[in-house]
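Before any questions on binding or motion, here is one chain by itself as structure tokens, the form predicted alone.
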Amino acid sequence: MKLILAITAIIVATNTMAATNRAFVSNERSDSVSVIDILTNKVIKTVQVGKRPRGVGISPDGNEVYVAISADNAIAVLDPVKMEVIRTFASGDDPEAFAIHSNGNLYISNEEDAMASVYDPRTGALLATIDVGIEPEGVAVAPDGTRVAVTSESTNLVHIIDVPEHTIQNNVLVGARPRSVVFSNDSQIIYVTAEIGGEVKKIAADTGNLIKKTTLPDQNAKPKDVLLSRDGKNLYVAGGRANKIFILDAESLDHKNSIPVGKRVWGLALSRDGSRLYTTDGLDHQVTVIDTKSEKVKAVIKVGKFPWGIALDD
């Protein structure tokens, strides 16, 4: 099965269309997606997608944009060129976040069902369900495609799931209210944010053992999203109420820098070349663009109400 997954990923990669150089931002309170031209940092269209959009992602071939419409219990599918909804499909109760496997399948956290679900977005078919903890949220797929990690906020766990078996390998206690998760580039490490204690944990993907942990250097920090730099050296952490991005050393978790952004920074996205970091700043209804080399803000873009997620097609 693992060989089949690898072959499928190669087939998908060969059908990739040219990037649109656009960012797609879900606006939770506007029921819309703002489309940003990332070459000009201007909003070029606002698309109504359904009630309470949150997670956003782009198919491996770049042909479709997926948006979790939480209050509609569905996924909206957008054409990234035409910038319009082309279909929707049911996705289980209250989809919040999701991650996309290289084979194109979506791994979705269904918050109210204490479940992760696997869907083929091309057909809308439900492929598998996995019982997890209470209020699942963050989802990440390992780069090698063999594991998925899902956080459960109220159970304080990260669940490490085997693919394609879809069985839980480990349930790891990670601190109060874990929000987001990301794998290292070699798929061997999992990084998790824990909101209540302002913590970031570093975990071995194969055993679930805690390697390191750190507390962000701001008492207001309520970390949500977390991303790894393209070279694997830095972690970018959205500080929530701290209104900052924290940059940590990915090996030691030592704090390297903090970058002020808008209020209640929530979601993160990184350009393909790693030169720009994008943040969704919920209470300021904006996206902040950061130059990762200088670690300075280079642009601020007004979007809809309470932006939540962001994905780049670049």
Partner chain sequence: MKNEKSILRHYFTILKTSSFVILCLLSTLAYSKDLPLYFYGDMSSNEWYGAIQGLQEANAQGKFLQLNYKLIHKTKLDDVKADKPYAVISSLSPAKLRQALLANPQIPFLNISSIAEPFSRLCTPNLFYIRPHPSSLVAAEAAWKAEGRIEAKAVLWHHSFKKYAAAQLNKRYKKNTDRRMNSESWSGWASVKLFSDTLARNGPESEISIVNFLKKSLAFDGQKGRDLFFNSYNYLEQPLLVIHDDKIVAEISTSQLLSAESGAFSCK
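Positions refer to the first chain, counted from 1. Remember, predicted model here, so these are calculated numbers, not experimental data.
There is another form of the same protein, the form predicted together with its partner chain; it is not shown, and what comes next is about it.
Its partner chain in the model of the complex: contacting segment from 227-235, 84-92, 157-165, 100-108, heavy atom within 4.5 Å: Result for this chain: 157-165.
Its partner chain in the model of the complex reached by all of 112, 132 and 196, non-hydrogen atom within 4.5 Å: Answer is yes for this spot.
Partner proximity in the model of the complex: residue 176 to its partner chain, non-hydrogen atom cutoff 4.5 Å: It does: once its partner chain is placed as it appears in the model of the complex, residue 176 has a heavy atom within 4.5 Å of it.
Exercise: residue 185 in contact with its partner chain in the model of the complex, heavy atom 4.5 Å: Result no; residue 185 lies far from its partner chain in the model of the complex.
Non-hydrogen atom contact residue 244 with its partner chain in the model of the complex at 4.5 angstroms: Looking in the model of the complex, residue contacts with its partner chain do not include residue 244, since no heavy atom lies within 4.5 Å.
Close approach of residue 171 to its partner chain in the model of the complex, 4.5 Å, heavy atom: Looking in the model of the complex, residue contacts with its partner chain include residue 171, since a heavy atom lies within 4.5 Å.
Stretch 213-235 - residues with a heavy atom within 4.5 Å of its partner chain in the model of the complex: Contacts from 213-235: just 222.
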